[in-house]
Ligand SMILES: Cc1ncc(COP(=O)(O)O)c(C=O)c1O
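Presented as structure tokens, the chain that follows is alone, the form predicted alone.
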Amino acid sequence: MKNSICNKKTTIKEILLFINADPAGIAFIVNDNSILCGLITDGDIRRLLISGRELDSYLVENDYSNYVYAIEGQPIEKLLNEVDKKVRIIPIISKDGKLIDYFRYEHKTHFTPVAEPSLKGNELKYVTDALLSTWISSKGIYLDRFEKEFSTFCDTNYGVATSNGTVSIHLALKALEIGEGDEVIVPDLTFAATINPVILSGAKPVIVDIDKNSWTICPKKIKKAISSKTKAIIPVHVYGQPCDMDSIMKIANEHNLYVIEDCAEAHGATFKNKKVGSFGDISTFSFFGNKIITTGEGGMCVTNSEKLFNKMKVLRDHGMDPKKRYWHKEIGFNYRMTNLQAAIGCAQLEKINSILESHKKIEDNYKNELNDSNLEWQYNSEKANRVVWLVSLLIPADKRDLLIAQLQTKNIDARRFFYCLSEMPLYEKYALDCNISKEISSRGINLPTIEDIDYKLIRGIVEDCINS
């Protein structure tokens, strides 16, 4: 900052040298006693030159005396209140009038993300407590608490916290001893985190189509895909929509198949008043930053089986015998969550119902604003109570990507639905006929699901796009 301070007895040319040396493009004017007299910017100099002033002429008081300043110790709120379109830099002076620092406000265009975490509860309090305890790795009171409280929320007996949702699925597969020679049925419309653990476990995924109304895995397609090698089904409660768990569990029982529910996007959803995650042998959740509740990164396996619970705990912790440290009973993994992450999770879980209510209200607001027959909103089943992860709807396929691009020009983030697994060369060899999923994927869009949304702006962009 010293290079930006110059005496008021200075020529315009000399001032330009000071301004050129300052990244902010500013010079602070002081008197012979180092008392601040004002400030001047490169824009001010440009206006002076345009008005006819010479480079060798000296500054006069009117050139720099009209400025806003703050006194040391004043709260940041006062500085922010002083900022407007014309005032971006506020010098901070001592009580005797000398420059000690300055506040610079950088205006950035407002960006509306498709999702953001709600961190207005006890997150900081609990993380600070975990830090002060020095238990910051894979043991601590918040880990035990999060596992117990989240499994209770899911109406299950046991929870095993993990480092992310993807490894939760892999851990479940390994606990159920699914591997080489086995087949696992998965839906076509899902994120790659559902299928990758199947392949990594050595098993073969079998990709089947979805139901046109719910967008979730189709029970009839599951039946057709079952072979003598089929070992498990992974139904995905996609975009907060519960699968038809009655039909799926009936099929699984008839054919002696395991069920691993992928609940990454559906915390709190119910099917026939029963929580998703409470149907399967093991169910998995994700707590990534954009999920309904988050731990930054993180996941959880929940189960009602004490045997599977104990097995997953061992596998998660390097396969080490819990009663004999450094003695490994089998090959395991480091899939552990940290106490710091769990601290955030505990705080998030305290307000999960209010988060779900907020997301539902956001969806209702969209429906009120976007009343267009070309828009098809997510299905509401009589059997299920879906939750809103991201506001999800279908629009004409030829308009979807254009709408996303137009929203982006206004700094509004929107997302297409997941690409179908069957459309990607990496997975297409595992797919059966999946025509419905391709149609839904080509039309699906997720709109911003956050509190601060300009619904009228989005409505205008949607209407322009649909009617173009």
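Each residue number is its position in the shown sequence, starting from 1. Keep in mind it's a predicted model, so treat the numbers as computed, not measured.
Below: the form predicted in complex with the ligand, not depicted.
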property	result
Heavy atom within 4.5 Å of the ligand in the predicted complex - residue from F288, F153, F333, Y102	F288
The ligand: the contacting residue among I136, I362, I352, A193 in the predicted complex [heavy atom, 4.5 Å]	A193
Residue contact check: A264 to the ligand in the predicted complex, 4.5 Å heavy atom	yes
In the predicted complex, N385 touching the ligand (heavy atom, 4.5 Å)	no
Contact test in the predicted complex: V236 vs the ligand, heavy atoms, 4.5 Å	yes
Interface membership of G298, the ligand in the predicted complex, 4.5 Å heavy atom rule	yes
Among 367 to 375, 221 to 229, 119 to 127, 163 to 171, the region lying within 4.5 Å of the ligand in the predicted complex by heavy atom distance	163 to 171
In the predicted complex, residues of 390 to 426 near the ligand [heavy atom within 4.5 Å]	F418
